[in-house]
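The form predicted alone is given below as one chain in structure tokens.
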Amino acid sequence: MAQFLTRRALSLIFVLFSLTFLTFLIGRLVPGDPILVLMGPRRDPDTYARLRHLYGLDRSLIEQYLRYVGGLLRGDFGLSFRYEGRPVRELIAQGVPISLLVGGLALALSVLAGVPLGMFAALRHNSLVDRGIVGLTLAFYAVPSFVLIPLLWALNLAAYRAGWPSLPQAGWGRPAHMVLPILVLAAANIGYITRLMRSSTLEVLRDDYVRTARAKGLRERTVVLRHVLRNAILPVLTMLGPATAFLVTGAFVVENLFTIPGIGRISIEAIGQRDYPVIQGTTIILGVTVVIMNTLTDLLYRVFDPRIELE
């Protein structure tokens, strides 16, 4: 276990270095001057030179990068261009809890809905119920979020006009604001997890130990929960890491369209304003989140199957 965690910590350092270098390099190669964007119609040369010096843009690229890495080692992500000197650390601290809440609930909903649906479909193999679940989840997986969002908006608006309970279309502040974004983020993962769990359950149901458990006279519920579920869920655990990455990328679209003040929306606004420090800071946080989730996935894999050696 210690060796495994040490290797993951070293890989995290490599990921952070790669992310900082790539985002720094790409940000500087993108056309446009963030200082001119910040100044707007004001083009005073003295103010321009002062702002470039304030943000360190008058230094060479190597000096800028070394200065940025040195700041990261002290927990300093730099100053935002768009918010005129506001520390990036404050923006990240404001957006990360919101994104983690929405993304975490979406991931939990994906697993809690996908696993039982997949098992239920497998236990009713080739029945009308099985075909209905497969068709519905395939639609969830195939429809992109930018198509699903207007569809949910239209259904929600129709419910409002009919006098039925409706949900807020956008915004943030109440639990009701999270419902539609969570549904959009979870939809594709629910479809994928359901299909993965169904195929895995069908394979496990054909194994000898399941037939032996039934031959011993165990109740079907016991067989399914103690023998089938524990082994069939292993492929689902494997894809939790990629599912997290999918939620991270999906958050850019969902948070922007639903006006959620999370890290995805902050990143989109920073890209439009050439706000290099914010782009680099949010990229690092998102990369760290994916690496941590991959590590937790491997640990869960070991919990469900003690035969697996992490070392």
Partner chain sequence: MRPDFQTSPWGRLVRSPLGALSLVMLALVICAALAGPLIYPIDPTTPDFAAINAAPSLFHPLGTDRLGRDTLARLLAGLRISLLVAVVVEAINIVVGASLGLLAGFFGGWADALISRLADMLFAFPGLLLAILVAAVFGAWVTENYGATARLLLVVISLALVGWPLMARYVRGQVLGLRQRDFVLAARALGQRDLGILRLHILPNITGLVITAATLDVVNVIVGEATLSLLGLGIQPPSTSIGKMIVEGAPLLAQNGMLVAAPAITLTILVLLFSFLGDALRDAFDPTSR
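Take the two forms, superpose them, and find the largest set of C-alpha atoms that agree within 1.5 Å; that set is the rigid core. If you're wondering where the values come from, they're calculated on a predicted model, not measured in any experiment. Residue numbers count along the first chain shown, from 1.
Below: the form predicted together with the partner chain, not depicted.
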I'd like to know whether P235 contacts the partner chain in the model of the complex, with contact meaning heavy atoms within 4.5 angstroms. no
Partner contact for R161 in the model of the complex: the partner chain, 4.5 angstroms, heavy atom: yes
I35: touches the partner chain in the model of the complex, heavy atom cutoff 4.5 angstroms: no
L19: heavy atom within 4.5 Å of the partner chain in the model of the complex? yes
Go through V69, L61, A245, L54 and name the one with a heavy atom inside 4.5 Å of the partner chain in the model of the complex. A245
Honest question, do L105, V115 and S199 all end up within 4.5 Å of the partner chain in the model of the complex by heavy atom distance? no
Which is the contacting stretch out of 225-233, 119-127, 97-105, 141-149, given heavy atoms within 4.5 Å of the partner chain in the model of the complex? 141-149
Heavy atom within 4.5 Å of the partner chain in the model of the complex - qualifying residues of 251-283: F252, V253, N256, L257, I268, I271, R274, Y276, I279, T283
Core-aligned, does G27 move its Cα 2 Å or more between the shown form and the other one? yes
If we fit on the core, is the Cα of A245 displaced 2 Å or more between the shown form and the other one? no
Once the core is aligned, does F258 move its Cα by at least 2 Å between the shown form and the other one? no
